[in-house]
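Only one chain is given next, in structure tokens, and it is the form predicted on its own.
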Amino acid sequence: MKILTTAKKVVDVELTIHVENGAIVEDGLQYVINAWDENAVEASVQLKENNGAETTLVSIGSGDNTDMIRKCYAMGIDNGIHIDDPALEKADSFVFAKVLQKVYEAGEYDLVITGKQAQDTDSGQTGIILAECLGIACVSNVIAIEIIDDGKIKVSRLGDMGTEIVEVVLPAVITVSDSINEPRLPAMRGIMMAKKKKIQVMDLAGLGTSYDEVGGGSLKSEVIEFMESEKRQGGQKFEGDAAEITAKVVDLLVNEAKVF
């Protein structure tokens, strides 16, 4: 089985992010692998370890994506592809999906595993659009994967009414939830070996396509501006006798907040 996994570089959301004039202030920002993509990498490596799958990671972005790809190598990914083309700087989910389609078609993969969404946009569309472009099955929000045979897998997904069990004929695309696993911390040996591994780097021309061909000339969506979330007023803190506090809180809820 050949597995293609995706990884996106995103701003570290654990840091304080500032916005000025509708744009994110870049000074002091740090970038990390998208959390859901890290779960996808871990899922792929587990399938490699338990079922002998061959794993390939693809990342779209600028030159500093290399460190992220090497981290995925250290986690256990076999091969790395870096699509580095300035034309993709403002690409949307549809464009990313069309680029990934070209990668998929060049590699003849059996399974594509992506994170269900990205921390920067929370769009959650790329994997699903990719499956539609390829005309293959897609299951989203997956929390477990089981190999049945070379042509089928069984996955569990979080649905609206609970956990759903789906049998999927390959090839297919699945997008994984962060509930599927706990990504491993790379061991020192893996980190050292990852430094020596080759990464296949190419632009759109090297991939046999162009920005217009992947939909860049007519973007389906565009980020117009960023806005900081509204700051909420701090709540009241009560200390003292439990009975007195309870009476005071109930009075405020009834007469001030009017929730009863």
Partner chain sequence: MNPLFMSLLLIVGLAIFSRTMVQKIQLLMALEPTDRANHITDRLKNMVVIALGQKRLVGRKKEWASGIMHAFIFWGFCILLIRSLNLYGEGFVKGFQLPLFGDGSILGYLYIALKDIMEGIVLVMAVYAIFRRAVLKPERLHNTWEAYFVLGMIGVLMLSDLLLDGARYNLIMLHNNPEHLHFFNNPLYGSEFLWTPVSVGAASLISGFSADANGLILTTMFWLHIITQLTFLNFLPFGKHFHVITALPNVFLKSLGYPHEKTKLLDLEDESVWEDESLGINHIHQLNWKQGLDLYTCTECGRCKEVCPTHTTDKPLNLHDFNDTLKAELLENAGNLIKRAKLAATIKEDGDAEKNEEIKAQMAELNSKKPLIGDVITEDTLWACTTCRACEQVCPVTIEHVPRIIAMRQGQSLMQGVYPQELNVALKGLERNGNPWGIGYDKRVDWADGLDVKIMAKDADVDYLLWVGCAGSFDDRSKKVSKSLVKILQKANISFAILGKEEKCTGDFARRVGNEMMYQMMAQENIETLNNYKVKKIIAACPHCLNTLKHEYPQMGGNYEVIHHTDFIDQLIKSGKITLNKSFQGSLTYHDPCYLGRYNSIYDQPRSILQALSKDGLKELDRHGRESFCCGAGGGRMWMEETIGKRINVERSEEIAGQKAATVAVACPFCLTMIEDGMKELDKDEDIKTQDIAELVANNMA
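Positions refer to the first chain, counted from 1. All figures in this text were calculated on a predicted structure; none of them were measured in a lab.
FYI, the form predicted together with the partner chain isn't displayed, but the following is about it.
Of the candidates V201, I191, A53, L207, I191 is the one whose heavy atoms come within 4.5 Å of the partner chain in the model of the complex; the others do not. For the options I165, L185, V169, A106, the residue carrying a heavy atom within 4.5 angstroms of the partner chain in the model of the complex is L185. Contact check for G28: a non-hydrogen atom falls within 4.5 Å of the partner chain in the model of the complex. Although the partner is absent here, K197 sits far enough away that none of its heavy atoms falls within 4.5 Å of the partner chain in the model of the complex. Remark: I33 counts among the residues lining the partner chain in the model of the complex, judged by a heavy atom distance of 4.5 Å or less. At the 4.5 Å threshold, heavy atoms of L15 reach the partner chain in the model of the complex.
With the partner left out here, the partner chain still marks one of 136-144, 153-161, 76-84, 176-184 in the model of the complex; by a 4.5 Å heavy atom cut-off that stretch is 176-184. For the partner-free chain shown, just K71 of 71-93 comes within 4.5 angstroms of the partner chain in the model of the complex, judged by any non-hydrogen atom.
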